[in-house]
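The chain below stands alone and is given in structure tokens; this is the form predicted alone.
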């Protein structure tokens, strides 16, 4: 392990030319009201999780800097969004659906031109490997296409009139107002755009604040945002959330709050809004997803899914398997197979072929994980895998902890990193009680092949979590499926289909079914005197 860690970080000349960095990027631009503004105030230093060898030492790479906007500057972005929405009378919320789609398609074409620049920054800023960085970019583009198609389908179904009990009506979806969109650092592009794009395409105006890590990778897209949408429709700000976002929420001018992060942060921000009953929220929050391995099980599949589920992107996913419950009859064989699979995962730099384990972007994360391991060991657990828990700089080699019990911090806390706690159990009720008593309810995974047991557990857990995975790891996709959670894990449901509804409201135009009214409606539609009342069919 010492030799591995000694050779982990490269020297600058050993980096492939395609992925080498130039000079640090001093970003002072932010987007307000269709203009790239220059910030002349303080900047936040942006460092990479990657360290480089310089002689006999290793130094963390300085990527650049980003604006630390103050509250007053952030409020100018909010005011631009408020003005563009204009209490629902603005050009964007009143634009025909087909025209808004054209703006989003223009943006998508411009975004695709920046693929390599964004992928490179994904690797350098958050340590995501090349394959997953490319996948995140491409999946985000696919999500935009799927959103456009879903809106076309929704609009087609809304283009007809309905007649009920003598009342003629047309039901269409209308925007909610000004949306504040904030994404997480582990998926700073994809998870952010799963709220940002639906909010825009439904006619809302948006203030967007990038994640705390992965902040520079939005810079290549600023011109695309500026050129693809009318002024004020999309505004991009930077800075510390406690200063900028707190001011936005306290203003009472935010109508929709889309946030992915911790439930504590979401609660604190929501409390700042002076009219919380008028605030629509779409929140993706904490999770402590358990994997439950039953005694009758395909052990090879369970191990394969558990290793990927627990350690993909170093376990830095809300959908990661955060704790494994393994029946005593199979736990020894499970742990043996798990260790062999874990040992085959390649550590290295994000651009290296086949790399699965990379440095961690969050400052202080290695120390936090060290603390969880020390606590578990002090209370009876062991690190089973060779080298588990060893670290160098921002890199932490995964630790398989066993046996874990309820007295240990890692049993309760969401580690959000490469720690794999395994709890042995004999009585299945122990596992059931864990799920029932948990503050979190995003997903869980069941591994087993006994129909009676699996069927019973599905019924037990269906009202506890948002998704039950059978013989598969927890995950978000496919994006057409609902993504939500219970308890402290989420508010609202997101998917290609659901997100369009989250950021809009059904509005009904109705009239008595009488000749004069029919003639009036027909003339409005025929002469295209309303953008809302329409029978247009979008192909």
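Positions refer to the first chain, counted from 1. Not measured: the values here are computed from a predicted model.
The protein also exists as the form predicted in complex with a small molecule; that form is not presented, and the subsequent description refers to it.
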| property | result |
| --- | --- |
| is_contact(residue 318, the small molecule) in the model of the complex, heavy atom dist at most 4.5 Å | yes |
| Contact label in the model of the complex: residue 477 to the small molecule, heavy atom within 4.5 Å | yes |
| Heavy atom of residue 503 within 4.5 Å of the small molecule in the model of the complex | no |
| Interface membership of residue 396, the small molecule in the model of the complex, 4.5 Å heavy atom rule | no |
| Candidate from 187, 124, 440, 447 lying within 4.5 Å of the small molecule in the model of the complex - any heavy atom | 187 |
| Answer option from 139, 172, 240, 412, heavy atom within 4.5 Å of the small molecule in the model of the complex | 139 |
| Among 179-187, 246-254, 371-379, 358-366, the region lying within 4.5 Å of the small molecule in the model of the complex by heavy atom distance | 179-187 |
